[in-house]
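Next up: just one chain, as structure tokens, the form predicted on its own.
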Amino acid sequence: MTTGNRIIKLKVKRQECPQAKPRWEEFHMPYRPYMNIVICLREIQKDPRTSDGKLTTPVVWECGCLEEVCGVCTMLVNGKVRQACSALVDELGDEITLEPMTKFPIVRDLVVDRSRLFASLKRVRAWIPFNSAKDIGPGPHITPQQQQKDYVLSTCFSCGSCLEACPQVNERSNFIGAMPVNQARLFNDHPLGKPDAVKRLRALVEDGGIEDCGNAQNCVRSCPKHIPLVDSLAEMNRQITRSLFRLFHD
């Protein structure tokens, strides 16, 4: 159902491949209640014509969950890093600009390569080593207070928003960003993750680690899950300080 003659103007930054020159295309579509950016992009797919009637290719983007838990639809919406599934037209206005994230290699149009996120999770050993052949019984007790604190840390879905917003993540720095630091904190907090705690801390003092953080705090402001990333950075710095001897002498 459309509403009157209201028209949404979508300006999209497009790029066929990493080597191609980027360009802008504008699309118009009738407004419908409760539209989000995913719906707008799907409208373009139905009939990929620019606002001046020129036939073009459908805009390339990614989406998965449609409920802000997969992270693949993250892009710049009106200059701010957002998830396309939760960016509502009613909150954005009738003129909307879409661009790919700038801190990740471009693949095509609004799709970027987020491999660095997953490489950083491997670097900080963001998992709990577990041998399923060994019977460990019911496992360690975790208090409700600890569960509540760690649950918030665990809601990270590797969208890349914190890296996109961080001024320290740039072509002159190897800073891994707040996301893997937060995950290192999560697994260091878990009783079954503590045996690898020093290894995670050691990874955080290597090149591009936590010392490269400039404390801009853009990460916590951009996080869609409101994870206390600044607290995680501070906590991991404290753990590193307490473990300095082991980090460099073990």
Partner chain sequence: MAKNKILVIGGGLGGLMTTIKLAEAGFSVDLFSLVPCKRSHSVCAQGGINASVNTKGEGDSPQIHFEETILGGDFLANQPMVLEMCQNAPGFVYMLDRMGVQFNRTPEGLIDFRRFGGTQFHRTAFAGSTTGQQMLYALDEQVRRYEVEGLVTRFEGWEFLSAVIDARGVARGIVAQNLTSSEIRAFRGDAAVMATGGCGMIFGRSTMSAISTGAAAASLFRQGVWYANGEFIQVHPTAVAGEDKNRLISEAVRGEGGRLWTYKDGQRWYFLEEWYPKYKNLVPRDIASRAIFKAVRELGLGVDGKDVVYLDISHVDRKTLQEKLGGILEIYEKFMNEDPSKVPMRVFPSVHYSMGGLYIDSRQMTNIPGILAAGECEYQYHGANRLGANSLLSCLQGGFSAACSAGQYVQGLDRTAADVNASIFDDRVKAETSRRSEILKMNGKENLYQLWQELGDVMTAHVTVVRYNKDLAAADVKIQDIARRAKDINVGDLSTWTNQSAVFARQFFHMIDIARVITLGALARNESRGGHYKPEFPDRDDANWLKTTVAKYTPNGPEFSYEAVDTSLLKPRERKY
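Numbering follows the first chain given and starts at 1. Being a predicted model, the structure only gives us computed values, none of them experimental.
Although not depicted, the form predicted in complex with the partner chain is the subject of the following passage.
Within this chain, residue 102 is remote from the site of the partner chain in the predicted complex, having no heavy atom within 4.5 Å. Proximity of residue 172 to the partner chain in the predicted complex falls outside the 4.5 Å heavy atom cutoff.
With a 4.5 Å cutoff on heavy atoms, residue 206 does not count as touching the partner chain in the predicted complex; it lies far away.
Using a 4.5 Å cutoff between non-hydrogen atoms, residue 57 counts as a contact of the partner chain in the predicted complex.
The three marked residues, 24, 93 and 98, fail to reach the partner chain in the predicted complex, with no heavy atom of any inside 4.5 Å. Contact residues in stretch 59-75 (any heavy atom within 4.5 Å of the partner chain, taken in the predicted complex) are 59, 60, 61, 62, 63, 64, 65, 66, 67, 68, 69, 70, 71, 72.
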